[in-house]
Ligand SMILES: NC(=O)c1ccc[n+]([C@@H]2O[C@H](COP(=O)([O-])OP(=O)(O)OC[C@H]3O[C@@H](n4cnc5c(N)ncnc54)[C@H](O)[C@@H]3O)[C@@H](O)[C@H]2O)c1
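First, one chain by itself in structure tokens, the form predicted on its own.
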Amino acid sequence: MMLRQRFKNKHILITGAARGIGFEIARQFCEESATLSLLDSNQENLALAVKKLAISDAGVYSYNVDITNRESVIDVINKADNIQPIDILINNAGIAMETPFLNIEVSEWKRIIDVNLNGMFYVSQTVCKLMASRKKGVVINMASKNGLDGEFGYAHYNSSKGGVIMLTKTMALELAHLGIRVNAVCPGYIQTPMSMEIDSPEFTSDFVNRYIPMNRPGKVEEIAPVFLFLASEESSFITGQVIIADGGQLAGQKPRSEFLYK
């Protein structure tokens, strides 16, 4: 495999890195010669991810951690930063559950907010304090199309991702003078292990037919490059932005087939 050098000598810390979009982001950074610190709450998946990423001579380090535990987050991040100063933070960890608003239990609401928003805050604040002392750094947060346009059955998830977007913008405003850029990526419907656990093939087909002008779900391989672009010097004048990758879903209502050009 021909390894590129765009992120050689850069240390990338990625949460939720053991599978799905997070793993694909890690894989593509690895191909670009980055040093990686992978954080995930699933030890088995994490070990498998590290094994798969043994493709470069740059280091790949793993940390089994629950990002909702602030003390554990601080401990792990300090350990990672002591190995090599963290240059880029990818806040990817997140969960989703489908429950109609009137049926959401308080415990379920708290769990979604705790992982998707509170955990991101704990990780971001800890890493950004280190970055601020060095006057440089890049943070990219995983938001969602659902943070911009709600979806039935996901009040807690939609709320958490809306919070991620506002956290991103505020961080960008407050940290720009410290040399830290902060942006967010909003994927639309992407086929990941998590989405395939939640959605049946029939649901996926119906959803695509109703809402996505490009007539297919997205792939993790199509989302990861957006993160690499935002992490690179190619985006050095971009901060506080929300990049949407949704196959055209938010562009407007999908036309009926009889109105399409033949």
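Note that residue numbering begins at 1 and tracks the sequence as displayed. Please read all numbers here as calculations on a predicted model, not as lab measurements.
Form predicted in complex with the ligand: not shown, discussed below.
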*For the chain shown here without its partner, which stretch in 208-216, 39-47, 230-238, 26-34 has non-hydrogen atoms within 4.5 angstroms of the ligand in the predicted complex?*
39-47
*Would you check whether the ligand, in the predicted complex, lies within 4.5 angstroms of a non-hydrogen atom from each of 7, 52 and 221?*
no
_So in the predicted complex, is the ligand close enough to residue 204 to count as touching (4.5 Å, heavy atoms)?_
no
*Just to confirm, residue 92 within 4.5 Å of the ligand in the predicted complex by heavy atoms?*
yes
*asked:* Against the ligand in the predicted complex, would residue 59 count as a contact residue? Criterion: heavy atoms within 4.5 Å.
replied: no
*For residue 184, is any heavy atom within 4.5 Å of the ligand in the predicted complex, or not?*
no
_Position in contact with the ligand when the complex is considered in the predicted complex, options 175, 190, 86, 76, heavy atoms within 4.5 Å_ = 190
*asked:* For a quick check, can you give me the residues of 164-184 that have a heavy atom within 4.5 Å of the ligand in the predicted complex?
replied: none
